[in-house]
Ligand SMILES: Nc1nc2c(ncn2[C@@H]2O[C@H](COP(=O)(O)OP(=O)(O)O)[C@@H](O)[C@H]2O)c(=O)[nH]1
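For reference, the chain that follows is the form predicted on its own, supplied as structure tokens.
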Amino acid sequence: MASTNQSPAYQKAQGKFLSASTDDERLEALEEMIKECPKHKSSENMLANLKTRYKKLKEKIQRIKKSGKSSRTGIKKEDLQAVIVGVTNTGKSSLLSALTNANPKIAETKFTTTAPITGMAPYSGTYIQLIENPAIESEYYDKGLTNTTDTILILVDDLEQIKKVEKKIDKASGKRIIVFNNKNDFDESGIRKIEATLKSRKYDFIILSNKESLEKLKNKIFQNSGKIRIFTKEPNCEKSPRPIIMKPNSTVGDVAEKILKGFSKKVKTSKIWGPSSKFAGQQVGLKHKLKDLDVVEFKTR
């Protein structure tokens, strides 16, 4: 089993599922994923898994409705996640809207965001889960989200705000990126001064000024995550359009298990292309360690 060559329609439905905040929204997205799932032999296990998830989720929703409780659940952490934090009115909602499919309420009034908002940012054939946390000085701020995320985007429009935010996130372990929002339209001289200050303090940072800087930010988020992208392919076919996100030093066997639990036991041979291979199409074992942008092909027993 390898790539199922998902269509753009399937990937769109999958994006809806990943960004869903309620079980009802996830159920609707799963219906679309089942409808758009490729109908060929190599995708049979994938389709069966989708149908099982759909059935279990539908049963869960029905149980909750009978009990009279809300179906809203906590935010499910995805393979790539970053949380936007900052003081009120620094542009957190605008940044989330610019990078993702989310449509947060944007206003000049203070503390507009009263609950974490999730969106999915497309990046290199996959998605980054971005979460806007309410302002750190707000009663709605969720410190648990910040403490458990992979990457923290400290959004500021004034350098003095950095220390104020850092005091609030002292227990967070994720990599930090200072995102300076140039909403006050500093000229080139002003930007150079800001860059010099951030460099002198040895911050990992980016200054938002145009669409190009938004793309650079997404790339920086991925690099800070430490994750690797692994593509799969079927014999005599192109690689899958969307990579599987794995932890560093993951093996071929780890990829097989992420595709489907127990699948590694069915693998007869595996071949790889890319940075960790000695030559294209090298045959390797399940314990072979992979690198970012490797391509894996499985042949089952």
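Just count from 1 along the sequence shown to find any residue number. Source: prediction; values computed, not measured.
Another form exists, predicted together with the ligand; not displayed. Remarks below refer to it.
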Practice problem: Answer for Ser138 alone: is it within 4.5 Å of the ligand in the predicted complex, judged on heavy atom distances? | Solution: no
Quiz item: Just to confirm, Arg229 within 4.5 Å of the ligand in the predicted complex by heavy atoms?
Solution: no
Practice problem: Considering only heavy atoms, tell me if Asn224 and the ligand come within 4.5 Å of each other in the predicted complex. | Solution: no
Practice problem: Check whether Thr90 has any heavy atom within 4.5 Å of a heavy atom of the ligand in the predicted complex, and answer yes or no. | Solution: yes
Exercise. State yes only if every one of Thr126, Ser240 and Asp294 has a non-hydrogen atom within 4.5 Å of the ligand in the predicted complex; otherwise state no.
Key: no
Exercise. Just give me the single entry in Asn181, Asn101, Gln161, Asn147 that has a non-hydrogen atom within 4.5 angstroms of the ligand in the predicted complex.
Key: Asn181
Exercise. Can you check 191 to 199, 80 to 88, 138 to 146, 210 to 218 and let me know which stretch has heavy atoms within 4.5 Å of the ligand in the predicted complex?
Key: 80 to 88
Quiz prompt | Members of 114 to 146 lying within 4.5 angstroms of the ligand, judged by heavy atom, in the predicted complex | solution = Glu132
